[in-house]
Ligand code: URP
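To begin, one chain is listed below as structure tokens, in the form predicted on its own.
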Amino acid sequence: MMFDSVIKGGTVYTPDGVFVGDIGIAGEVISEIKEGGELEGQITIDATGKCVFPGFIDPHVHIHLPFMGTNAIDDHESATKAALVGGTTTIIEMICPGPSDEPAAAFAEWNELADSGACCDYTFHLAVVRFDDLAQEQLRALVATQGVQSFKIFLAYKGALDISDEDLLKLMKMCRELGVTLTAHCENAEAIDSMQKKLITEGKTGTEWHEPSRPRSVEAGGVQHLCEFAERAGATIYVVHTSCGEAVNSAMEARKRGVDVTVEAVAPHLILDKTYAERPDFEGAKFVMSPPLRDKVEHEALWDGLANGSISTIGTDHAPFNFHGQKDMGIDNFTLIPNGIPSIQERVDLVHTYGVCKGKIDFQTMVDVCSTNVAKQFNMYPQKGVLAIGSDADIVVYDPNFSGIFTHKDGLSRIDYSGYEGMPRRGRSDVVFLRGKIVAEQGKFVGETGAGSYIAR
């Protein structure tokens, strides 16, 4: 059989094992996987000496994000081009409406923006910031008619995005009834608000005070609070951007009690530490995110969690706000700095460089936490997240021997800085397929703008 495309001679990572062989693509799907090779195609990609992975999936992305009086600087075209050249073929974007917005209108707004610009495939987590009768009715309809399978709640951002405990318990019961996963930003809105007001009153306004205003105990307490409610409601929960071992331990204690809880890490918390946010002359604003960057010792806790399975996924929490013109809104008050460290393009190479190359995790774990586990958790498997016959031909030919540095000039996001500028880099996604078509080669986007598809889960 002559395939449309064949990837030849690479080290192929499948659920059944790792071997040198060929992958045959017909149309948008994987049609054949053959150890030892000998497949023929109209287009042939030589993957000798390289790894062949399923397309990576980012479970935590912000693109259209109204936040703290401004909006994230990327659009769906720029963010998804950046994702693709970094090997990410599917994203899950957070829909973040305001407290007065209707869920149905928010879904329509985000979906329309993505439909017109997204270059990779996409789906959504829908944040729940109101829970009146109309909102409940619309949430049910979105699950039934649009394939929404995950909601998001914030135990932070008092008066803007947080919800009451009464509504949280009702929402969890709805999630259990509908079979929906509830993702959660775990902190404590009241505690943070109190601590931040105290610090500002004391004249402690610089970026170095961001982390002390949201300490590890607040995050761990938020995880414990979420898990206690999930235990009562029988809900499936997913803790996003976990920054420290204390928070992971809170989730694992709940898991031992039978709570269905999954933990996510994000790239910045694995690589950067709080000294970045303490840089002088307001440079630290580039590294303000929530939960904040922690002491370097927490890196080991997170990598250990990935290695032993306590942490199941790695996302980015990509939230791009320019240093000039956006982050500097908080130059006199750290609480006014838009939160976020852009990482959508760098994620896979960061995990390879600082995880695999340093012996913290192996290649199979990298595939699991950056792709397969995400697909399984969020109802996209085996369409996504695996090299298997019949699965979407989302494939990354990865060169583990590429050597360079991370630089802003190589980025396709519209952000005006890189959080990883000048850091050593090992590995690159040499050829990226999205549903059978080559969309990126050696750091360049070569696909069709707007060709991404919505995934109804």
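All values derive from a computational prediction rather than experimental measurement. One-based numbering along the sequence shown.
The protein also exists as the form predicted in complex with the named molecule; that form is not presented, and the subsequent description refers to it.
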property: Region of this chain that lies against the named molecule in the model of the complex, out of 415 to 423, 57 to 65, 27 to 35, 395 to 403 [heavy atom, 4.5 Å]; result: 57 to 65
property: One residue of Pro103, Gly340, Gly222, Gly385 in contact with the named molecule, assessed in the model of the complex (non-hydrogen atom, 4.5 angstroms); result: Gly340
property: Answer option from His241, Arg294, His76, His352, heavy atom within 4.5 Å of the named molecule in the model of the complex; result: His241
property: In the model of the complex, Ser290 touching the named molecule (heavy atom, 4.5 Å); result: yes
property: Any non-hydrogen atom of Lys152 within 4.5 angstroms of the named molecule in the model of the complex; result: yes
property: Ala319, heavy atom within 4.5 angstroms of the named molecule in the model of the complex; result: yes
property: Lys286: touches the named molecule in the model of the complex, heavy atom cutoff 4.5 angstroms; result: no
